[in-house]
Structure formats: structure tokens, C-alpha cells
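Only one chain is shown below, in C-alpha cells, and it's the form predicted alone.
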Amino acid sequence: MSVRWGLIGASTIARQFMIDAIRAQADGEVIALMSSNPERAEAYARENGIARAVSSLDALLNSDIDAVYISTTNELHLEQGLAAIKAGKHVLCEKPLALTSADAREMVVAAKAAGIVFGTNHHLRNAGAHRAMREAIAAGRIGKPIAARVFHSVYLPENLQGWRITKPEAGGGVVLDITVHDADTLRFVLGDDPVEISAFTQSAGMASGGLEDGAMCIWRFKSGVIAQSHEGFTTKFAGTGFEVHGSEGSLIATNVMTQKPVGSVLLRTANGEEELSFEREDLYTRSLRHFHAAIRGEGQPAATGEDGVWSLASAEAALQSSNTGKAVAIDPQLGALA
């Protein structure tokens, strides 16, 4: 039995990654696409071999589909997600799940009540590099984790420099775009939850309308681990990386904060240096495999709705800290989801 998908949003990420990831599943097919612009919908569907193009959410949800992938601008996620849940469709939603963690929780609670599979498209936890780091830490290979550093400042390609850097009302800015990913990846790799964050943001010349295009954050985790992260849209020549330092060793990963299954992970201990091997499966293909399994009642999505609430609550706290100049507690209020 196949999983028939409808795409909400004629997005770059769907074209570059998600359509292929769905079609890579033995039981996956893309049936329909919705874009509010009818001409764009028709052209996008034609270019990507999608049989049906519609320009209203109702028309999509009334199609013969089982699940939706939401990749519209951030302010639309809540209304579209709730409508899909009400229509009985499983939901895989881009991050951030909404503009506020309260709205994100509303979607997750609604999906739970309806028996709907709800996932957040946090791709990085599907990277072999990050899973190799998580497994090395869990196995005690660096002793007790003490500190972490994430380097995730990139250059936002010109074709993506629209609403992300000009529209606060759409949920633009680097914190809602990249800090959410770093929150999720830190949580996943460390197997730990953040409790407090201090953040500085900047506008270095790309963003307008009061939006930030760079951020640096200091995190404190439940276990006592401290971390720092750098997110940006404006650094053309920076490389990405992720380090975790423990009492008995360090993990040093380079070129791993990316959508591609690339990069390397070095384990450094008293015994010397060892490059960890890991599988190189496409991140989105792995995400879709887990999502399809969850629909069959086998496990859960790679990143759940609750994970999306955590990352958005972390980003909210970062923005609040930047505005107030004070450290802010991170509270996703997940008790409400029980």
C-alpha cells in the first residue's frame, strides 16, 4: 500500500530534496501540489512530474492523499497543519513548526488527539555524521561531555534571499531559520536538553526590516554541558562544524551542518586520533523512511512534533535574550502534550 503525498508549497527544498526522497521510498508517491499562485502551481507540477496542481488548501486536502509535506513560509504552518490534521492527513512540517512554541504545541496536541503522525523536518539528525557522534558519546568514548561548539554560519544563496531576510511577519531571520536546527542537533547528539540560553544577534547588511542575519548563542544543558553556536547568512567563506569535548576525549566534525551526507568526524583521545566511519545515506530519504514506518505503526518520525516544539522554544528564548540582554530559561512546556 503506497503513501500518497500532497505538497503544501511549491518550494525550493521540495524540488531539490523532498520530492526525490518521497519517490525513493518503495511505497511513496507525490500525487498533488498546492501553491496559492495557480500559474506557479501548474508550472511547478509540470516541471516535477506531479499529476495534479491546485491553488487552494481545501482542494489539496480533498485530493486522494494520505500525508502532506508543508514547506510554505513560517506564518502559514499553523493554519495549514491544523487543517491537514482535521482532514485526517499525516503531517511532515518544515521547521520552525510555527511562529510561537504555543502554536507548535497546539498542532502536536491536535495530531495526538486525532491519531495522526506528525513530524518536524529537522534533517540534520538524519546525517550519519551526527548519529556517529551521538553513538560515540553514548558509548562513553569521550568520557563525560563537558562542552560543545557548533559552527553553522553560511551564505544564504541569492535564490533564497526573499522572505527570510525581509519579512518579520513571515517568520524570517536567521534564528528561526538556523538556530532551530542547531538546537535540535545539539539535543540529538548530546542526548540532553537545553535549559538556558544567552544570545546576541546582528544585522550585518543582508537582512532588513529589523531582522537578524547573524547570531551567537551560549547554551546550558540539564547535565551541566555548556555549548556555543554561531548562526549566520552572511559568511561566504566559512566552513561548518560541530565539536563535543569530554573528560576523556573530543569529537571534531567538519562540514557536517549541511543538507548533503558529507563531512568527517574525528575522535581524539589519549590513544591518538581515529576517523569515525558512518553511512552516507541521503538525509531526507532516511527521514521519509522513518516517517513511512511511523505511518505503518512502526516507531516514530526521525524528528517528532515534540522535537519541533523544543527547537522553536529554544529559538524563542534566543530572540528574547537578544532583546533583553539577559539569559533566558528554555521551557517547551511539553507536559501539556502528555
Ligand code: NDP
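Here the structure is a predicted model, which is why all the values come from computation and not from measurement. When you see a residue number, it is the position in the sequence shown, counting from 1.
The same protein also exists as the form predicted in complex with the named molecule; that form is not shown, yet it is the one meant from here on.
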Of the listed stretches (110-118, 248-256, 137-145, 94-102), which one has a non-hydrogen atom within 4.5 Å of the named molecule in the predicted complex? 94-102
Is R280 near the named molecule? Define near as a heavy atom within 4.5 Å, in the predicted complex. no
Indicate whether the named molecule has at least one heavy atom within 4.5 Å of a heavy atom of T73 in the predicted complex. yes
Give a yes or no for Q300: in the predicted complex, does one of its heavy atoms lie within 4.5 Å of a heavy atom belonging to the named molecule? no
Could you confirm whether R40 comes within 4.5 Å of the named molecule in the predicted complex, counting heavy atoms only? yes
Under a 4.5 angstroms heavy atom criterion, identify the one residue in R187, R125, H181, H152 near the named molecule in the predicted complex. H181
Does every residue of S11, S36 and R164 put a non-hydrogen atom within 4.5 angstroms of the named molecule in the predicted complex? yes
